[in-house]
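Given next, in structure tokens, is a single chain: the form predicted alone.
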Amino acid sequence: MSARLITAGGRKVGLVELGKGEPLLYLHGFADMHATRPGPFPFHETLAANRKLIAPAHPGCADSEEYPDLMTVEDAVFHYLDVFDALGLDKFDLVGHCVGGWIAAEIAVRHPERVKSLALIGAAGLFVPGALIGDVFMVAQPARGVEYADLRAMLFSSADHPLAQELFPDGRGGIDDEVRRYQMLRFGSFIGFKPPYFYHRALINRLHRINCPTLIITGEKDAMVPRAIANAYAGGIKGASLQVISGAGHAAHLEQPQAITDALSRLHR
């Protein structure tokens, strides 16, 4: 693994890079690298077995500088176009989780010529009546000042999942971990803090522009992004396939990494 800073659009952007081979861009979510740990999880390491995984931190997260003018998901898309240009990447495979999946979908509808394949894991971004995305901002406030069970239950299959308890422990965690979690929530508030949260009403009518092999992945027990949103992504993107990860929550890539990397390996053949 290597970590470095690049300059894109006049801003410093922190990157984690793993492996060698064709580039695979990864955009992170709330329970993920850059948001809970500085480095990769087993999922990311497996993903990089035969590829070069490039994982930038969102603006204001981890080592990336703030983007003072970032107010909408459109601003995030243009930020990442600057990142891709700075890296000299014209065409690449793209994987995103949670809000990272939303941003990945927005990139793919605007620049389908740059995306070789697309994988969305628990992706937010679509407005589907009756299927509202969970209010992570509310559950991020600790019950009785110290308990994060509601946040863990939203992001994992169970509030008692060992990894959920490790990443989002009750009480006060280490200062670096607390800062990372705060930074990710702050970034999320810029693009998604408008009830119902984390959606762009126009996106669903643009999905037909995506013309690459696409895989939609959702955890069976995802309590943040309803199944109906994964169904809408799969239904709106021509030829897209949908895979439900049995027993997994929103952070399916952390709970069952092998099941997802197996599915992605079939997509990237």
Partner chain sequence: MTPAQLYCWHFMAYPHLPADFDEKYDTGWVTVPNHLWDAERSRGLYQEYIDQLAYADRLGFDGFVLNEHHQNIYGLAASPNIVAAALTQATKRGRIVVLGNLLPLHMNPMRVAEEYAMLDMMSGGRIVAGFAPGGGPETFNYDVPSARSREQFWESLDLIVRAWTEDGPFAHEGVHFPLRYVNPWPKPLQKPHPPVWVPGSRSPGTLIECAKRGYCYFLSSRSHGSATGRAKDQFTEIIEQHGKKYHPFRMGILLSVYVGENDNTARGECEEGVWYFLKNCLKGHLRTEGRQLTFGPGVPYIPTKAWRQYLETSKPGRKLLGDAENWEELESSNSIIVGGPDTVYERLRQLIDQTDVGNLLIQFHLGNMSDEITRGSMKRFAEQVAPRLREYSAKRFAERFPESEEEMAAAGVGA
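Small disclaimer: the values here were computed from a predicted structure and weren't measured. Positions refer to the first chain, counted from 1.
Here the subject shifts to the form predicted together with its partner chain, a form of this protein not shown in this document.
- Residue heavy atoms within 4.5 Å of its partner chain in the predicted bound form occur in exactly one stretch of 91-99, 172-180, 153-161, 120-128, and that stretch is 172-180.
- Among residues of the shown chain, residue 66 is one whose heavy atoms approach its partner chain to within 4.5 Å in the predicted bound form.
- In the predicted bound form, at least one heavy atom of residue 148 sits within 4.5 Å of its partner chain.
- Contact annotation: residue 84 falls outside 4.5 Å of its partner chain in the predicted bound form, judged by heavy atom distances.
- Under a 4.5 angstroms non-hydrogen atom cutoff, its partner chain in the predicted bound form has residue 139 among its neighbouring residues.
- Checking 54, 212, 223, 70 against its partner chain in the predicted bound form, a heavy atom within 4.5 Å turns up for just one residue: 70.
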